[in-house]
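Before any questions on binding or motion, here is one chain by itself as structure tokens, the form predicted alone.
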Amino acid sequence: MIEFEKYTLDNGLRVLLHKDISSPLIAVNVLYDVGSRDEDPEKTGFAHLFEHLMFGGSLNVPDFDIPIQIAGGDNNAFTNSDVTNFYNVLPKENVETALWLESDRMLQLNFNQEMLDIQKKVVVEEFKETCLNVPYGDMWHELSKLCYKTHPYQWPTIGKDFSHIEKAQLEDVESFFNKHYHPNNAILCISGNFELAHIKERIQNWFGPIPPGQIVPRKLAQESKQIEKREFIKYSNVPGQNFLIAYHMVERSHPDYYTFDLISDLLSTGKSSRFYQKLAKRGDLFNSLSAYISGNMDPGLFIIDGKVAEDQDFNLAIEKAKIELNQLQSELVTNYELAKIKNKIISLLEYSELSILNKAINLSHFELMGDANLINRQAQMYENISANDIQRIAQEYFTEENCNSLVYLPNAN
């Protein structure tokens, strides 16, 4: 059981505190309720750009890395379709350094043309290196626009095109910051070894004076139910055949999310998984075969990713992978296999909860979903999954009309 205290400052900042006296460290996590789904379709990649800009200096702090390093800590961040998350881990004696840094960049970033130009170049180069100059680098671009026709998940976090970042103006960036990066659109979670009264006093000192912003209700275009199969074959400079099959699934807060997650592990986690034992072990048809979920806040994707062995027929490979899905539809998973995969999932959950940083990040995400205490109910959610639940999900979602198939083939010599 992960015990925590939750309260809200007058400016709307939600605060979660989890005390762990076993650690000499403290994790300070700040989650902003903004991701690439909140971007203008003609100005994509802004949330990711801000992940970089937030390290470029603020009103009173010219550099974020140096103070954290002097305090004996480390910091980083990540952005996805739904959130932007900043985290710091440092000795408990120096927690105020992290509070100072996070509050100052929440108060006001250092907006200037020089810093924007520097970070634009960094992000554009990252786009080129990861999406254009490596095999399969544009896979998420192609899969996203194949699967989503109206929802902003139709572009990946890094953006549709690097020209959107190249064209970003200082006023665009400042407007995006003022809209999303304020206390009443954020969650602060602190996990580790602290004195409760003292940490509350310091949080109030650093974050309490920051004025709230205006919350603009999120009005995203919702995806219509897919009614026919979609396929796209792309010839590209890739070393081999690769396919992705994606099925629309439920949102992160839906109870069935856990069943989708369990199915992905049942199919491809470890050497006892169905994909490995039946298809990938011999290596004659597949070089690798995996299943995973996107885990989005809005309805996401269940994805099968297969690298096909040289000189093999990719159509046969896709057919073999789908046979395993069909078996989930027609046959109930045995009690033994279900218990085995549940034990593996729950063990990994319990292991991850040993980390103060994981706890801080997960508490923040569950709070954003509506209830931070969901962190304590995860194991039970997996435990409650039945063989009938797996069959029901397979029958309802793993259908041809809900299928999106993306295939990469090497350019002809």
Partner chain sequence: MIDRINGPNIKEVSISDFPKHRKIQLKNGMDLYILNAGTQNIFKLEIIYHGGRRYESKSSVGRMCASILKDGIDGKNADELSEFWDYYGALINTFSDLDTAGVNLTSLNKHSHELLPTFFSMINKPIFPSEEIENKKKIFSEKLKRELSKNDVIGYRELTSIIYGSEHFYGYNTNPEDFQKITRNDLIEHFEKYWGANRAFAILSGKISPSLELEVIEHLSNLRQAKTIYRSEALVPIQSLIKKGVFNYATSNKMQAAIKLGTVTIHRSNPDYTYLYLLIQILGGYFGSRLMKNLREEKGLCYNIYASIDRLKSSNYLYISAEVDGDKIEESIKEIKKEILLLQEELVSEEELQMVKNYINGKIMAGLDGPFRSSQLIKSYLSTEMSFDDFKIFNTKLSNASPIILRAIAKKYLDIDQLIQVIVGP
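Numbering follows the first chain given and starts at 1. As the structure is a prediction and not an experimental result, all values here were calculated from the model.
What comes next is about the form predicted in complex with its partner chain, which is not displayed.
A.B. asks: Just one of Gly270, Pro212, Pro255, Gly137 has a heavy atom within 4.5 Å of its partner chain in the predicted complex. Which one?
C.D. replies: That would be Gly270.
A.B. asks: Would Asp389 count as touching its partner chain in the predicted complex under a 4.5 Å heavy atom rule?
C.D. replies: Heavy-atom contact with its partner chain at 4.5 Å: absent for Asp389.
A.B. asks: Quick one: does Ser103 come within 4.5 Å of its partner chain in the predicted complex, counting heavy atoms only?
C.D. replies: Contact with its partner chain, yes.
A.B. asks: Is Glu96 close enough to touch its partner chain in the predicted complex, meaning at least one heavy atom pair within 4.5 Å?
C.D. replies: Yes - in the predicted complex, heavy atoms of Glu96 and its partner chain come within 4.5 Å of each other.
A.B. asks: Hey, in the predicted complex, does Leu368 get a heavy atom within 4.5 angstroms of its partner chain?
C.D. replies: Contact with its partner chain, no.
A.B. asks: Using heavy atoms only and a 4.5 Å cut-off, decide whether all three of Asp20, Asn60 and Glu350 touch its partner chain in the predicted complex.
C.D. replies: Every residue of the candidate spot has a heavy atom within 4.5 Å of its partner chain in the predicted complex.
A.B. asks: Thinking of its partner chain in the predicted complex, which stretch from 165 to 173, 325 to 333, 141 to 149, 85 to 93 has heavy atoms inside 4.5 Å of it?
C.D. replies: Of the options, only 85 to 93 has residues within 4.5 Å of the partner.
A.B. asks: Within 270 to 293, which residues come within 4.5 Å of its partner chain in the predicted complex, counting heavy atoms only?
C.D. replies: Sequence-ordered list: Gly270, Lys271, Ser272, Ser273, Gln277, Ala280, Lys281, Arg282, Gly283, Asp284, Asn287.
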